[in-house]
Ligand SMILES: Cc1cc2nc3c(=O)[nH]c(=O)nc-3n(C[C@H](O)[C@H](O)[C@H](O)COP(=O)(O)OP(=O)(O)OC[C@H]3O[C@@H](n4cnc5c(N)ncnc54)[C@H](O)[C@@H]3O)c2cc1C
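The form predicted alone is given below as one chain in structure tokens.
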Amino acid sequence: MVGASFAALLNTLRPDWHIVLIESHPMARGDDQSPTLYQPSFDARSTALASGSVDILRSAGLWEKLKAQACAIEQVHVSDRGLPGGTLIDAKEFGLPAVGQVLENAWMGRVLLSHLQTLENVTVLAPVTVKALTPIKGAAKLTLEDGSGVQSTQVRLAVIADGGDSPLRKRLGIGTRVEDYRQHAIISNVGFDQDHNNIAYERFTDEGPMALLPLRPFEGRQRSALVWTVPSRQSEEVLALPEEVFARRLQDRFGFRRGLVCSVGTRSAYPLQLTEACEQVRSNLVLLGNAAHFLHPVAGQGFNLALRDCANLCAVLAAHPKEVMGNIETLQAYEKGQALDQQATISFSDSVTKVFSRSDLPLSVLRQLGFLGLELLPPGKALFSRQSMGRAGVQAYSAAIAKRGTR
């Protein structure tokens, strides 16, 4: 999702540049919805887009198509299991129509890829594997392999967005700082007997946070996207539970704020850790998305931060001639410009994960005081909400769009 998003955003600012998107998995062409063309990044999961991310996608001309299957988050209810209190983030308090939007990844993928395939200056190569990436003077050399053999090409800038396990990052010898949360995220779409009323729920338990994100109804059924973090040692057991037992355990852990659990879709589990690349830029090279920083899904910060990275990198690149787009000075300007947003978001995600995944009394009391403080101190709640809604770091791209419109 990050690589396709970056290509679309950059094209909006610099349609005169040639952009190549390289993907190792087969991709559907145009509106082709063949079930045999499966792209793992665009799977059954859903993504919560912060309002700042929606602004970026709207500026790039993508939101009009994306919103057809989007479900608005008008409120976010944050609470601690078994204890009173909590806080409510309401879009109306900030003069916004929504705190964010929820999109199923498959729909986002279909819109992004269909859009890219209509652009004359964007070439999509799939399925093609990057076998090697070699820095050379003033460029990067890519060795590519497809069904017909091996070929090579040179680019002024190579953008690596191949996921948290990033094979290319490893081959380049770029190290990572890793903190294992010893948790897995159980992902599923869940049906309920009540309307979600466009409310997202973030519920903290002694085993870790869980979230329910509102989705558009499917065949008349009310749905929410579930993200349930459990200790890693329990993930296989939870995945293997019969549907009715899984539903009962989910009901017990979450409560009845959302109503009764009526059905549970396909379940998947993903290990959770905080991963930060020790280098994000080199000459003619930049890392984006999970390859640069992989976050815990609590508060839905990962893709939103990646999208802001994409937008700000596009703004920096578009302000320079193409001859210097890969210069280390250009890329360091991007890195410096995004450092504060990245540090704040990573620290926010990591701190919330640690504080809200502990059951000992002092931290439980601290959580309750924190919720109370958010309600009693509007500036603190506004700061928390602003971080959750991704309002920081979106101005540069919008300004670049406006500047291009005046040329």
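The first residue of the shown sequence is 1; numbering continues from there. These figures come from a predicted structure and were not determined experimentally.
What comes next is about the form predicted in complex with the named molecule, which is not displayed.
None of 189 to 197, 301 to 309, 239 to 247, 328 to 336 except one has non-hydrogen atoms within 4.5 angstroms of the named molecule in the predicted bound form; the exception is 301 to 309.
At a distance of at most 4.5 angstroms from the named molecule in the predicted bound form, all three residues 22, 48 and 162 contribute at least one non-hydrogen atom. When the named molecule is considered in the predicted bound form, only one residue from 287, 185, 212, 76 comes within 4.5 Å through any heavy atom, namely 185. Among 273, 129, 123, 87, the residue placing a heavy atom within 4.5 Å of the named molecule in the predicted bound form is 129. When the named molecule is considered in the predicted bound form, residue 208 lies well away from it, no heavy atom lying within 4.5 Å. Among residues of the shown chain, residue 7 is not one whose heavy atoms approach the named molecule to within 4.5 Å in the predicted bound form. The named molecule in the predicted bound form is approached by residue 1, whose closest heavy atom lies within 4.5 angstroms of it.
Mapping the unseen interface onto this chain, residue 167 counts among the residues with a heavy atom inside 4.5 Å of the named molecule in the predicted bound form.
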